[in-house]
Every structure is written in C-alpha cells, then in structure tokens.
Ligand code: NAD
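Have a look below at one chain only, the form predicted alone, in structure tokens format.
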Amino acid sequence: MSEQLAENIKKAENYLQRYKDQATGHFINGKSDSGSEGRTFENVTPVDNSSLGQVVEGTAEDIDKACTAAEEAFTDWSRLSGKERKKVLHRFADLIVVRAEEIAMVESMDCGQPIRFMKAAAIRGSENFRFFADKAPEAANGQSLHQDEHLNYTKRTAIGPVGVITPWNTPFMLATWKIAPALAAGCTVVHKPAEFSPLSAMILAEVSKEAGLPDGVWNTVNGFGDVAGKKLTEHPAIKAIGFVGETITGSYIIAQGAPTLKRAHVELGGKNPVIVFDDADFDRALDAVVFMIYSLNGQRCTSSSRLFIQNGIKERFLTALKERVSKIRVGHPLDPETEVGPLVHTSHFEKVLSYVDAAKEENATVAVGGEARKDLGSGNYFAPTLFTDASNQMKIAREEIFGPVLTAIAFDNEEEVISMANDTNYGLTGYVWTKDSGRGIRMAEAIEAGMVWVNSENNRNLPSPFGGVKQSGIGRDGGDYSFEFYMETKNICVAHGTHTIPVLGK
C-alpha cells in the first residue's frame, strides 16, 4: 500500500465515521429527520462490501411530509428576486469547494469511483451552481413580439415544487446538475438519491442549510424506488420530475406521473457508438476510445461502449487498444494511481460479469479481461474488458452493460456504419473520428442521437443541450433548456387600442 493511499484511507475513515455512528436519515423542512417508521437498510462500500452504516428507509409518509414542506416554501422562494437567489447559490458553490475533499472521498468509498475523477466531480458540482446562479436573474426573461396593433410579450415563472431522482454512478455531480437550475428558476425541491450511494446527498442537504436556503426549499428523502420514488412521482404537489437512470425505470416514472399530468424529464441509458475511420488521428482516437469507456468504471450513460473500427486500420488499432486496456490500473478507489475501481454493488458486478458468458456463447472473442479481480480482495473488482470479433446483433452490442466493457465491430464504409450505429433502441450520444470535415458533418447529422462529438471525447459545455432520443430519454438539460423544463411560459397580449373588434348583437 502506497503512503498516499494509506493517508487517503485514514482521511476517508474520519469522514465516514459519522455515518457509522448514526443512521443517515432524511432532510426535511430544514431539519434532519429520522423517518416515520424508523426502518433502515445497510449501505455497503464496493471496496470490500463492508458496512458504511445504516440509512433510513423512506416511506410514503416521509415523502408526503417533504412534498408538503416544498409546497409551503415555494411561494416565498419563487418570489425572491433572481438577484437574491444568485447570492444564495454562489454561497452554495463556495461551500462545495470548502468540502470538496470530503465529498470526493465519501463518494469514492460509497460508489467505487476512483478519487482522480471524484475530485473533479466535486469541483464540477460547484461550477454547476455558479453557472445557474449567474443565470438566475434572467431566468424569467421571455420575448417581446411587436405587431401593428398588439404587443405580445412572454415571461417565465417557476413551475412549482419539483422532484429530482438521481442515479448511483456519479451521484453528487448529477444531483447538482439537476437541482441547481431548479433552484435558480425559483422551484423548491424534493430529492431522492439512489439507495446504492446516498451519502453525498446528505452533504448537499447540509450545505443547502449553511448556504441560507430557507427551510423547505431543499428536502432529501432516502429510500427505494418502489416506495419513496413512486410516491414522489405520484404526489400532486410535485409539478415535474427530473430523473437520471435506466430506461425501464424511466418508463415507470412517466406512467406514474401521468394521472397528475406531471412534466417529466428522463435521461436514460445508452449504447453509444464511437466510429473510427481509417483517416482518423490514430493516437487521439485511441486515447478517446479508451477514456470514454473505461473512465468512471464504465458506469456512465455517455460511455462509448460500441467501437466501430474501419477495416483499413482495424488490426493496427485493435492491437494498440488491447495493449492499452491490459495496462489499465484497477485498484482501491482512494489510490491516486487507480484508473478503474470496484463496481458499485454486488448485484451490478454480477450483471456485468454475466456478459462475459454471453459473449462466449455468441462466439465473440474476449480479447482482454473478462474476469473478476479476486486478487484485489473481497470488493467488486472487474478487469477492464474488450470483446472483438463481434457483430452488431450480439447481446453484448444490443444491451447496456454499464461497466468497463467495450465491444469492437468492424465496418467497410460510411453507409454501412451509419446503419449499424443507428440499429439500436438507444440514442444518447455518438462519437466520430475522421480528418474529413465533410464526412464528420455528414456522420453527425446521420447518427440518431441527442448529442454527437466529432474528433472529441465527451466534452461538456454547460449552455448546450444534454439529452437523448429514442429510449435514451425525453427532454434536455443545460443552459436555458433547463429553465424551459423547470418554468412555465406565459404570453401576455396588450392591444394598442387601434384594432377593430368584431361586433355582435348590435
């Protein structure tokens, strides 16, 4: 064990002790809450599957209490000027920076993500708050539409209390990405974090209090989707649901919200293609292919899990790729040298492992990895895996594995690869590597996805729209797109007093 790893483990143990000493409860109406029934579930770390403590299991009554608090706080918060909300949200961002080390270490131990990525995620969370804080004063702005005899203008108002349900893969960053624009718009929030990684959500709740958010503006209820999540999506006080997670759950959320005509934004799964043409910048494409599937343990919705490699460079590219994948460092998430940590939970670990058997059954080649790393202890460690000799019809190319697993498929020409790239139920992202600018544009327009990067890995631009098509979701995050979701638009028409009004009964 390196000196740095030992030091990080000691620091993390200090941060985590509070969760072991006392059950992690809810945060409702500005106060810690132990729940209506006091039932708890155990939260384990994927590092060695030991306990990180107990978490209170939210009930329908707990959700109702949180929704009522959000509803009662909505009027005052939504009427607060955008300038004042901006000040509060900037304080929020400052406090995230102060606690960035704690957030990163708690998150690494809770969900298994390497500390090298979680440090950046904590800071990105603060940037999310700063970006939307700066936009808060203009959130209500609309358009001015002048005609000869009327003036039409629009303005936006906060939609009301909203529910936010976040996933377990990068829980802190994704919570800020969803909640910051809601608060900037003037909405109040009920947050249900994923049961596999709930700890950083409580840090956010504490920060909300310290930053000066009024009681009831931010509420957090832990628990499971079939009880707490279902009640939240059905609750009449909640006007919109922002969800990030798997496609099946997203369909349930839409159905559950339908009776109350609840607005839903669901960002779901992906089986994203990365297409490398013969003329691509070889080294840059190789770096991007490796990064976009093996970073964050492959547990990211935008990972490029299907590699389409043109036949002219297939052998050379796959040889280099095998070497790189075999050298990826798997280990303890708090080790600064670790590039892939343990998968979030034993159930997910077993799911990812099952795809190795599926690959073999369909006669794909397990070129690298494909096995549990039992030499690293009792945690959920899985060797970064590369499947070759695959077709686009295989299970490993059709289903979202959500782990450090890449499936390589050969192609001959542009027309063929467009057909294969689009032959999927998903449509979140696509990546294209070519030096031919015209081809890059053609491919970007032809790929059925909400986002396409040409000669780049996933590089986020906060004002740009983020979201997918087909079974990858409905709606967009980012910049003004977030406000369109969290706000209602009102048109106001004022006559100049000169137009002719139709006359009846005279």
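The first residue of the shown sequence is 1; numbering continues from there. Only a predicted model underlies this, so the values are computations on that prediction, with no experimental measurement involved.
Here the subject shifts to the form predicted in complex with the ligand, a form of this protein not shown in this document.
**Prompt:** Is there a heavy atom of T434 lying 4.5 Å or less from a heavy atom of the ligand in the predicted complex?
**Reply:** No.
**Prompt:** Closest heavy atom of N169 to the ligand in the predicted complex, within 4.5 Å or not?
**Reply:** Yes, N169 is a contact residue.
**Item:** Residue contact check: F466 to the ligand in the predicted complex, 4.5 Å heavy atom
**Value:** Within the cut-off, so yes.
**Prompt:** So, in the predicted complex, is F282 in contact with the ligand at a 4.5 angstroms heavy atom limit?
**Reply:** No, F282 is distant from the partner.
**Prompt:** Can we say E246, Y252 and E400 each have a non-hydrogen atom within 4.5 Å of the ligand in the predicted complex?
**Reply:** Yes: E246, Y252 and E400 each sit within 4.5 Å of the ligand in the predicted complex.
**Request:** Within 4.5 Å of the ligand in the predicted complex, counting heavy atoms only, one of 131-139, 407-415, 220-228, 366-374 shows up; tell me which.
**Result:** Every other range fails; the passing one is 220-228.
**Request:** Go through P114, G270, P273, P384 and name the one with a heavy atom inside 4.5 Å of the ligand in the predicted complex.
**Result:** That would be G270.
**Request:** Using heavy atoms only and a 4.5 Å cut-off, determine which of L183, C301, V340, I293 is in contact with the ligand in the predicted complex.
**Result:** In short, C301.
**Asked** Taking the ligand in the predicted complex, which residues of 323-357 have any heavy atom within 4.5 Å of it?
**Response** Residues within 4.5 Å: none.
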